[in-house]
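We begin with a single chain expressed as structure tokens, specifically the form predicted alone.
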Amino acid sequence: MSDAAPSLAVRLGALELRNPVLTASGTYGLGYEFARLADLGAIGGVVGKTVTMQERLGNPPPRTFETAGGMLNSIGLMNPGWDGFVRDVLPRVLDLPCPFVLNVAGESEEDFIELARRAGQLDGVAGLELNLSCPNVAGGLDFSSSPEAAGRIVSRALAVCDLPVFAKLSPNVGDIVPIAQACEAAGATALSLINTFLGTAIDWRKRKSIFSRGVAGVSGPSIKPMALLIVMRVSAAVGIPVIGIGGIATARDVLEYMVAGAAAVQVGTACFLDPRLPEKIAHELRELLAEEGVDRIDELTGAVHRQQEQVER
């Protein structure tokens, strides 16, 4: 261990981050809303709320519901659409003191490709996250339910966009590993794992679901063990970076994800409790690494696999 402070720098393909702490799409707006509340220059980056081709008003309320160990949401991708994003939002996010990753979702495969093409023409955007896995809109899970569909969209997006491309996948499938491998084979820069689990909440007096669609996405601490396992399984099966998402609320959570195989993480639901949490986590990471005598945080990525290899020898 050197006398220098531990390095928190990580790489996602060509994208260099000052630390592995990103915000998760849909939980931190587009970043600029929190610039007066938090030091965004202290985090790795912001992944913006999903942008679609056309403006979306989202699902009827209620859209969120607190549950044991987390929350349910059924927002429905409310956003101003591409034109509104470019006109009203883009100038603001380009002023952020950290990288901004644009998250997009299409109602069709052609939508995804057109959004990727347009994103590739923007100056100042650090990366593109393809939301192939939103459970809160009709057909939102179709694009990450098979290796063929996911791989084809990633491949076609990369053909029209030279940004780093992250594929955000769903846990609501039989086996996520072949889908992740298809995205890798198609050229994805990294995999964002995972989107929310399917769930619901019932109003027994009204004899119906709380949500208009009857289904919502479960996030928060309760999903962390399952998300952590998925990150561990997928990172063992692919050679590209994995971004861990699910129930992260402390620096120790981040380090657990990295040991399991993540190169970076996204903090989501916990931001609703404390908008400054991502920067607090980033500061605490350095302290924990120093205590443990770790020079570089990226040394921890995939340590569980290396440990297993030693056992098997």
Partner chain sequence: MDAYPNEGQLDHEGVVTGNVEVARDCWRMEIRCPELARTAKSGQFVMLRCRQGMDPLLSRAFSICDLLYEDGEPVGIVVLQLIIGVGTQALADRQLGEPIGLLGPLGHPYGLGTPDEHLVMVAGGIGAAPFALVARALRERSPTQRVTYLVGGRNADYVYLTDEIAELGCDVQVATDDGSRGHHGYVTQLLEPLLEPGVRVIACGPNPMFKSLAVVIRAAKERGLQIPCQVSTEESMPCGFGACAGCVVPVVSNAHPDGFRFAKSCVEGPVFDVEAIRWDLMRSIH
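Numbering follows the first chain given and starts at 1. Computed from a prediction, not measured in an experiment: that's the story for all the values here.
A second form of this protein, the form predicted together with the partner chain, is not displayed here; the remarks below concern that form.
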Notebook entry, point to check: So, in the predicted complex, is Gly41 in contact with the partner chain at a 4.5 angstroms heavy atom limit?
Noted result: no
Notebook entry, point to check: Does any heavy atom of Met78 come within 4.5 Å of a heavy atom of the partner chain in the predicted complex?
Noted result: yes
Check: Using heavy atoms and a 4.5 Å limit, would one call Glu66 a contact residue for the partner chain in the predicted complex?
Finding: yes
Notebook entry, point to check: At the 4.5 Å heavy atom threshold, is Glu33 in contact with the partner chain in the predicted complex?
Noted result: yes
Next item on the list: Decide yes or no: are Pro221, Leu273 and Arg276 jointly within 4.5 Å of the partner chain in the predicted complex, with each residue judged by its heavy atoms?
Entry: yes
Note to self: Give me the residue from Met53, Val259, Leu288, Ala249 that has a heavy atom within 4.5 Å of the partner chain in the predicted complex.
What the structure shows: Ala249
Item checked: Heavy atom contact within 4.5 Å of the partner chain in the predicted complex, the stretch among 193 to 201, 100 to 108, 67 to 75, 173 to 181 -> 67 to 75
Next item on the list: Taking the partner chain as it sits in the predicted complex, which residues of 25 to 61 have a non-hydrogen atom within 4.5 Å of it? Please list them.
Entry: Gly26, Thr27, Tyr28, Gly29, Glu33, Phe34, Arg36, Leu37, Glu55, Leu57, Gly58, Asn59, Pro60, Pro61
